[in-house]
Structure formats: C-alpha cells, structure tokens
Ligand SMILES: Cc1cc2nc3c(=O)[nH]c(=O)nc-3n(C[C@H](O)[C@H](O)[C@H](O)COP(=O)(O)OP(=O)(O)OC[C@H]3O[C@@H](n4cnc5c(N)ncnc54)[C@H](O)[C@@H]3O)c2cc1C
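Heads up, the chain below is alone and in the form predicted alone; it's given as structure tokens.
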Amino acid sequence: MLTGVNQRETDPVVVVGAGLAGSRTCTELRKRGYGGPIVLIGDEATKPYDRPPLSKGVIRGKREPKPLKADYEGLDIDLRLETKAESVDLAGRRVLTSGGPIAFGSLVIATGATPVRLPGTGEQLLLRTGNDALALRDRLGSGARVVVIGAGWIGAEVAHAALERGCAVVGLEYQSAPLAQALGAEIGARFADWWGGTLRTGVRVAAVEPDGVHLEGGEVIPADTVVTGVGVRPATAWLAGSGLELLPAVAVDERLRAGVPDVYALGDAAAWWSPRFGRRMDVQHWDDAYSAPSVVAQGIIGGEGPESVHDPVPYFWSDQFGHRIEYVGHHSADDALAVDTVEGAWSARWTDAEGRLTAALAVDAPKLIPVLRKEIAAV
C-alpha cells in the first residue's frame, strides 16, 4: 500500500462529492499508484456524470446525460450514492453522513455548488443536475411561455434551447446587458441582439409566484415555466462549525490544502490561492474541476512533482445562439479593454497597467484562445 506522509494505513481517502472533481480525484489516485482504500460519496442516485452537456445538449434534446468513463469497481473505489454528507468531525477524523460516520485518513471536499433560488412560492426550475436538465427539457414544448431569469452563461444557453424548440421566451436581467457582471457592460451589450428581442435588461425580480414572475414596481409576467439562472453558491453549509475557513467556498492554498493536515478542497467548493494572480480564485468552471484532482492526488500520495501546485490560467466556454464563446484568464475592472473584429468573429483583450495580457475573450474564433492562454501563462 502506498500512503501519503500523513495518511493512515487503515483509514480511507474519503472524497465527498461525486461530480467531475471528486471522480477524477479517485481515478488520479489510482493512476499514481495509491493502493489504499478510497470512498467516494455522492448524494445523487446516479454515477458521476459531466455537467456541461446538460445545458449544451440535453435540454436541447440532442443527447442524454452520460456517466463519466470510470471503472469504479475495477479500480476498487467504494462508490456510495444517495449518501449525503451532514458534517465533519476533524478532531475525530470522520465524516458524518446520512448513511453513518465514515473515518478518513485524508479528506477531499468536492461538493460543488448549488443554484441560487429567488423569493416566492412559485415553481422555479434550476439547471444543475441531470434530473434538472431532463425536467426542463420536458417543459420546453412549442408555444410554451418560458421566463428565463438571469442572462448569464446558463441563462443564455437555456434561452437558446427554448427558442430553438419553439417556446415564447422572455429573458430578465437586472444588469444593463447580458453577461455584464462577468465581462462588463461594454462587452455584454454585444450579446444582446442574440436574444432576438426577447431580453429585458435593467429589471429586478421581486418574487416568483404561482401567477408568474413579479417585478419590482408591480408588473407580473405570466409563465408556464420559470427558469432561474442567477448564479450558484458553494455547497459548503455542511462544513459550518468544522473549523475550516469558509468564504463561503473552502479557503485553500495553491496546493489545495485547507489548513488542516490531510484535508483538501477543489472544484466549485474551493477558493484557491493563485500566485499568478496574487489573489484567491473561486473559478467554478469545468476546466478547473478537471485539472485540480491531479494536484490533490499528488498531495495525498506525498512528495513534490510537476503537478503539486494548482495555479492554472482559468478557461471557460459557452455555446449559445449558434455561437461559441471562450474566455481565458482573469481580468479586473481596472484593466484596459481592446476589441478586435475579423471576418465576423471578434475578440476582446484585457491588459493591466504594465501592458500585460490578463484575460481574453473570443467569439467564433477557436484557434485564438490557445495562443492567448499561453501568452497569459508566460507572464
């Protein structure tokens, strides 16, 4: 049995959260030769699956949710589905779950994030799980009145699917433009026309009630289906009182260590320190959940290696309204913005006070982002 510096030989590595980050942590441990027991806990009834296809394909009726390609039985990974982590006893080194306590030698927190709900007693559909996607797909019938609250990444992809399937769509966004919170109003305004006149900006939702969406000021927008896409929060409430620093994501260093021996956090549940950007990063993107497990596995096994520090250049993509959007890096409000348009495709670049590239956006220009990502990484 291979063990890390602090790993108890009789207690397993317990990974809480059976999404991409959690699943890959288990398989990365086996890939690196770890032979001790591994327990993977997930609160859903299905095996771990990829989430991006839910909004990009499943709700459009183009595909079904599919599990990740991982042979848990063959790798001797104890996968416990429909098991909810309720709290953690760090002193006693055990996770308290709906199925009973589980002792750990190392603990990996990969519980992801949960969508934000708005006030009101009306039905709100969210898009986070496979069941969410299937339920929403069933409601996107021709002529259905669909109100999408939030014109961010998820909201745009939902609106795209709904329009494609013949729904009557109204999009509601409290910012002055779609994606303004992530990219700024100047860039966000470039996406407004994609909504085909269905988007209302600068409006605030007071509540979602059975008779429709209530706006501040009293207007009520009737709807057959309301989809709320106003953001997510790290799923870390079960760690309250544990002694871990919650921001509310778990604060971790560049090695994804949570400040307690043998405790790690990654993916949407973690806010990791980035030496590159000189700040904590709470990225909540697929690419981060994919790359971080190798760092956690390296830390558990012990020893230094090329993957012992997690400090990637963040990357994200979205497919909406027939366009491909890709974003790389991290920019601040003080960075200078420049936009370039070439043959229908366009890009935006942000640079700091020293003229260094900090982030870039590309629309329908797939060959551009890898080049710019290397430029950011070289700084």
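Numbering starts at 1 and runs along the sequence shown. Worth saying up front: this structure is predicted, and the values here are computed from it rather than measured.
What comes next is about the form predicted together with this ligand, which does not appear here.
- Proximity of residue 162 to this ligand in the model of the complex falls outside the 4.5 Å heavy atom cutoff.
- For residue 277, no non-hydrogen atom is located within 4.5 Å of this ligand in the model of the complex, even though that partner is not displayed.
- For residue 286, a non-hydrogen atom is located within 4.5 Å of this ligand in the model of the complex, even though that partner is not displayed.
- Proximity of residue 268 to this ligand in the model of the complex: non-hydrogen atoms within 4.5 Å are present.
- The stretch from 205 to 213, 240 to 248, 185 to 193, 108 to 116 that comes within 4.5 Å of this ligand in the model of the complex, counting heavy atoms only, is 108 to 116.
- Heavy atoms of every residue among 19, 84 and 128 are located within 4.5 Å of this ligand in the model of the complex.
- Site annotation in the model of the complex: the residue of 56, 66, 32, 330 reaching within 4.5 Å of this ligand with a heavy atom is 56.
- Counting a residue when any of its non-hydrogen atoms is within 4.5 Å of this ligand in the model of the complex, the hits in 40 to 54 run 41, 42, 43, 44, 51, 52, 54.
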